[in-house]
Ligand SMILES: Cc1cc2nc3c(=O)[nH]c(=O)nc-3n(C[C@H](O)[C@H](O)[C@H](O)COP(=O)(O)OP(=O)(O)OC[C@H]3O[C@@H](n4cnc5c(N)ncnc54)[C@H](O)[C@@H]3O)c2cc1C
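Presented as structure tokens, the chain that follows is alone, the form predicted on its own.
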């Protein structure tokens, strides 16, 4: 614990506890990610309001921390995380519908926001159907389908930079690209979606079609973290992996899905290292066979 004590500011931990933050010490990260894999974090802290988040950012110095959303696109190492995991909670889960606008806290679930849009006969987020996780994570990583992204519906976002300064950023200042944005070194706290009124039947049809496609194309019966690799330009990562003969390949308890080769599933007893090794194997095979360097979409968080 001596080495950890040089990283963790225990005085700050006590102050956050006094501000009614939920403090979980030596917390298993497997409980907080869809892969159901990962060692323990020194501390996992749930922050429920903007004032406390600002206090944390203003008082954290050289400590290591990671902002965790829904944990649906992340793989933690077996050794865990030497530092602080921050999870937004409380008011960050709020969803407000005002005319054609939905204002959602970063910790609001994306499916809940989509349901709010559907109930209020608003279109623009159909691409989010079947995507788990939180609003903040979805906007940060520009989640969506091949032809439509969550970023398309964003009007503006509220963020805190790592110095604790709060900013409201308009859409024209945000750069959304395939599976990424320029929202670096900041914490998304609130997202304003600008949607359009639409016929309920049309929304339902699009949502139904998108959901059916996701269910048929994805391994929904095993823990996973979604697509492991980004699609190279004009290529399908899953197809390249399949052509390498790796569909169904296992290492330990991790397996390349036989439903979709761009998914790695936890068959029940996988370790993070099993997944890391499969990722390495896939990258090597695709490079050897097609001279293409695959880039991971899932965030790989190794012990520090």
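Residue numbers count along the first chain shown, from 1. Note that the coordinates shown come from a computational prediction; the quantities given were computed from them, not determined experimentally.
Here the subject shifts to the form predicted together with this ligand, a form of this protein not shown in this document.
Which of 95-103, 165-173, 183-191, 112-120 lines the interface with this ligand in the predicted complex (heavy atom within 4.5 Å) = Contact-bearing stretch, as computed: 183-191.
inquiry  = Does this ligand, in the predicted complex, lie within 4.5 angstroms of each residue among 77, 273 and 302, using heavy atoms as the measure?
reply    = Looking in the predicted complex, the three residues 77, 273 and 302 all stay beyond 4.5 Å of this ligand (heavy atoms).
message = Is residue 195 near this ligand? Define near as a heavy atom within 4.5 Å, in the predicted complex.
response = Close contact is absent here: in the predicted complex, residue 195 is far from this ligand, nothing within 4.5 Å, heavy atoms only.
ask   = Applying a 4.5 Å heavy atom distance criterion, does residue 144 contact this ligand in the predicted complex?
value = Output for residue 144 is yes: heavy atoms within 4.5 Å of this ligand.
request  = Look up in the predicted complex whether residue 34 has a non-hydrogen atom within 4.5 angstroms of this ligand, and give yes or no.
outcome  = Yes, residue 34 lies within 4.5 Å of this ligand in the predicted complex.
task = Report yes if any heavy atom of residue 240 sits within 4.5 Å of a heavy atom of this ligand in the predicted complex; otherwise report no.
result = No, residue 240 stays farther than 4.5 Å from this ligand in the predicted complex.
request  = Pull the contact list for 65-96: residues with a heavy atom within 4.5 Å of this ligand in the predicted complex, in sequence order.
outcome  = Read in sequence order, the residues that approach this ligand (within 4.5 Å, in the predicted complex) are 66, 67, 68, 69, 70, 71, 72, 73, 74, 88.
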